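Here you get one chain, nothing else, as structure tokens; it is the form predicted on its own.
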């Protein structure tokens, strides 16, 4: 174990809240767009939209899946667009997605990968 912490600063967190049962397809689309992985967990909506939605009166299922994807800022827009399209977020009641800049992030990065990117910056 190394005492050195490798901190990444050029990353964002993409969060998508989708209807239950949709997350696997959304994650597959995000991975095809360049995402390295995702974290999915279950949640339950408790807002007014779970009872009825505005003038349309559409009831929204309370069972949700929340997807977290950390991506580089270079890839974020493309991954976000794939998530939006695949989850059909342009349809009322299907969910939402947003991007949050990460001030810094740390995780294990294999030394050979650090060396590879260090060489590419020269």
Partner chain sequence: MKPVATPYKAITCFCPGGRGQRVLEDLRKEMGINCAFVHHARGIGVGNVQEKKLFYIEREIITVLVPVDRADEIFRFLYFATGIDKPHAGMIVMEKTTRLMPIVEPVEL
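Positions refer to the first chain, counted from 1. Computed from a predicted structure; not experimentally measured.
Another form exists, predicted in complex with the partner chain; not displayed. Remarks below refer to it.
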Full three-residue contact with the partner chain in the predicted bound form, heavy atom 4.5 Å, for 17, 74 and 117: no
4.5 Å heavy atom contact, residue 39 to the partner chain in the predicted bound form: yes
Residue 79, heavy atom within 4.5 angstroms of the partner chain in the predicted bound form: no
Touches the partner chain in the predicted bound form: residue 100 (any heavy atom, 4.5 Å): yes
The partner chain contact in the predicted bound form: residue 70, any heavy atom under 4.5 Å: yes
Residues in 92-117 with any heavy atom within 4.5 Å of the partner chain in the predicted bound form: 100, 101, 102, 103, 104, 105, 106, 107, 108
